[in-house]
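Okay, so we've got the same protein chain twice, two forms, each given alone as C-alpha cells, structure 1 and structure 2.
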Structure 1
Amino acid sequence: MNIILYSERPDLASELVTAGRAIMDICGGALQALTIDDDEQADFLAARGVSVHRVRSDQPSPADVAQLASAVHQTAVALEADMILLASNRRGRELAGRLAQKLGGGCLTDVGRFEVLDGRPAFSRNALGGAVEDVRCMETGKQVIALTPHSFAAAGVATGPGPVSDLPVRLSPSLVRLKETIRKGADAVDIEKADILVVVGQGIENKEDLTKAAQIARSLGAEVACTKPVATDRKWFSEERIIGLSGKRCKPRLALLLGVSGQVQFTVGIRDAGAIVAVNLDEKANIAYVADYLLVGDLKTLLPELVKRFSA
C-alpha cells in the first residue's frame, strides 16, 4: 500500500508519519510526504526519515483549497498512492472531501484510531451526535483519511534523513483573490497539550468566579478551558479554549469540570481524558454518566472551598 501524507502544519504532519508507519507495518508498502512551497517543512519531515516530495507552485493561493486539492491530486496520481493521510483540522477536512471527489475514492474524516482486519485497515471515527463508529473505505479506488489531531504521537528525528526531491505540478490560475490577511488574535495556550485541564461551563454564572477557577488551575498546574457557550455567547474566553465538536479534542491526564452539563457536543472532546472529575448541582446531569467522580453541590459554595483545599 502506497501512502502519501500532507498537512500544512509540521506538527500535525509528524503525527501522520507515525500513523502511516503503523499502517505500513501491517499492510506493507511505502510512505511518502508532500510539502507545498515550504522548504523548511520538507527538511523537518526528511529529518524524520520520510521520503519527501517538494512541490513548488508558480502561482500559489493560500486561501484556495481547490487549488491545493489539485496539487495533492496530481501528486497522488504521479506516485500511484493508494491512501492519502491528512490532518482532520478545518482546512484538512475541506481538502479531504475535494480530494476524494477528484480521485473518485472514499473519504473518512475525524478518524481517531484504526485496526487491520483481513489485511485491510478499519477506522474508528466520530459520527453524528458524538457516537463512535467503526468503518472501512470502499474496496476499490483511493482512500482519503483525515486523522484527528493528537490521536497519534509525533514522529521523532530518525537516525538518517529521508531523501527530498522536487515534483512538478501544473496548477490552473486560482479563482480566489486574497486581498488582505488579518491575523486572528490567538490565545497563547494550547489546551490540546495540557496534562491537566480545569473546564468552565455555564454552571459558573458570574464572571467574577472565573478568578476562582483560575486559582484552582494554578494550584493544580493546569490550563483553563471552557464549553462553547462560555466562549461564543458569554465571550468570557477565546474560541481557542473551547472543547468539543466545535472546538478541540483533548486527552489530559485529569479534567476537572466546573458546572458543565455534559451535552454530547462537549463530551466528544474530553471523553478520552485519563480521569474526569465533575462538580455539578444536578446529580442527574449528562456529565454524571461520563465522569469518573461526581461532586454534587452549588458552585457558589464549592468554588471558595475548592480554592482553599487546592491551595493548602
Structure 2
Amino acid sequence: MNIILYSERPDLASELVTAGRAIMDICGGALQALTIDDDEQADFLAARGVSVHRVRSDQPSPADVAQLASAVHQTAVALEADMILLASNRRGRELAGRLAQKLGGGCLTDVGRFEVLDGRPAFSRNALGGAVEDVRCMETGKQVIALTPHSFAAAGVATGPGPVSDLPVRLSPSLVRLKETIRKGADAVDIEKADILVVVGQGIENKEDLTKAAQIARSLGAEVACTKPVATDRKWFSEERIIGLSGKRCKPRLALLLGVSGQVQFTVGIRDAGAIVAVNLDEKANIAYVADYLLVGDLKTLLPELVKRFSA
C-alpha cells in the first residue's frame, strides 16, 4: 500500500503519521507526507521521521477546495499513491469528496479506527446518525480516508529526520476569492481531555440557570460542555464545547447531563464516558437509555439545590 497523507494542520497531520504507520504495519508499503506551500509544516513532519514532499503550487489559494484537490491529486498520481489519508475536520472532509471523485475512488470520512480483515484494513465509522457503527472496506484501488481528529496519537519527534523534496504542481486559475478571514475567539478549553464534564442541554432555559450549572461545574472541578443547539442556536458557548457527531467525542470519568434529551447525534460523543448521571424533566427522554442514573425533575428548582449541595 502506497500511502500519502495531508492536512493543512500540522497537529492533525502528525496524527495521520501514526495512523499511516499502523496501516503500513498491516499492509506493508510506504508512507509519505505532503505539505502545500507550507515549509514550516514540512520541517515539522520531517522531524517526525516521514518523507515529506513540499508541494509548490503556481497559484496558492488555500480556501479553494477545487484547487487543493487538484494539487493533492497531481501529487497522488506522481507518487502512485493508493491511499490518501486526510483529517476529518471541515476542510479535510470537503477535500475528501472532491479528491475521491478525481481519483475515481471510494471515500470514507469520520473514520475513528480500523482493524484488519483478510489482510486489508477495515474502517469503522458512525452510521444512522450514530445509532450504529459500520465497518466498511474499500473495493477500489484508490481510496481516500479521512480520520476523526484525535483518534490517533500524534507522532513524536524521531531520532533521524525524514527526507524533504520539492514537487511543483500546476493549477488553473482559482474561481474562489478569499475576501476576509475572521478568527473565532479562541476558547482554551479541551473538553476531550476533561475528567469530569457538566453538560448543558436545552433543558436549561436561561442564562441565570446557566450560571448555576457553571457553579456546579466549578465545585466539581469539571469543564462545561454542551449540546449542539446550545452553542449554534443560543450561542451560549463556542462550538469547541459541542459533544457529538458534529462535535467532540469525549471520555470523561464522570458526565453530569443537565436537560439533555440524548438523541443519537449527541450520544455518540459521550458513550465512552465512565459514569453518566442525568437530570431531565421527562422520564421517557432517550437519555434514560443512555445514562447510568437519571433523576427525573425540574432543573428550575433542582439547580439551586444542587449548587448548594455541591458547594458544601
Ligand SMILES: Cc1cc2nc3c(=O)[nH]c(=O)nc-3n(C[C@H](O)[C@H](O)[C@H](O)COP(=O)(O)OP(=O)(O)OC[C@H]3O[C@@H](n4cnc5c(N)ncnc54)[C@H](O)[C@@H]3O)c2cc1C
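Under this definition, the rigid core comprises the largest set of C-alpha atoms superposing within 1.5 Å between the forms. Sequence positions of structure 1, starting at 1, serve as the residue numbers. Owing to the predicted nature of the structure, the values given are computational and were not obtained by experimental measurement.
Participant: Structure 1 or structure 2: which matches the form predicted on its own?
Facilitator: Of the two forms shown, it is structure 1 that corresponds to the form predicted on its own, while structure 2 does not.
Participant: For Ala33, decide whether the Cα shift between structures 1 and 2 is 2 Å or greater, given a superposition on the rigid core.
Facilitator: No: Ala33 shifts by under 2 Å between structures 1 and 2.
Participant: Core aligned, does the CA of His150 move at least 2 Å between structures 1 and 2?
Facilitator: Stays below the 2 Å threshold, so no.
Participant: Does the C-alpha of Ile204 move 2 Å or more between structures 1 and 2 once the rigid core is lined up?
Facilitator: Ile204 C-alpha, core-superposed: shift of 2 Å or more.
Participant: Can you give me the Cα shift for Asp292 between structures 1 and 2? Core-superposed, in angstrom, one decimal please.
Facilitator: Displacement of the alpha carbon, after core fit: 4.2 Å.
Participant: Once the two forms are fitted on their rigid core, how many angstrom does the CA of Pro252 move between structures 1 and 2?
Facilitator: With the cores aligned, its C-alpha sits 3.6 Å away.
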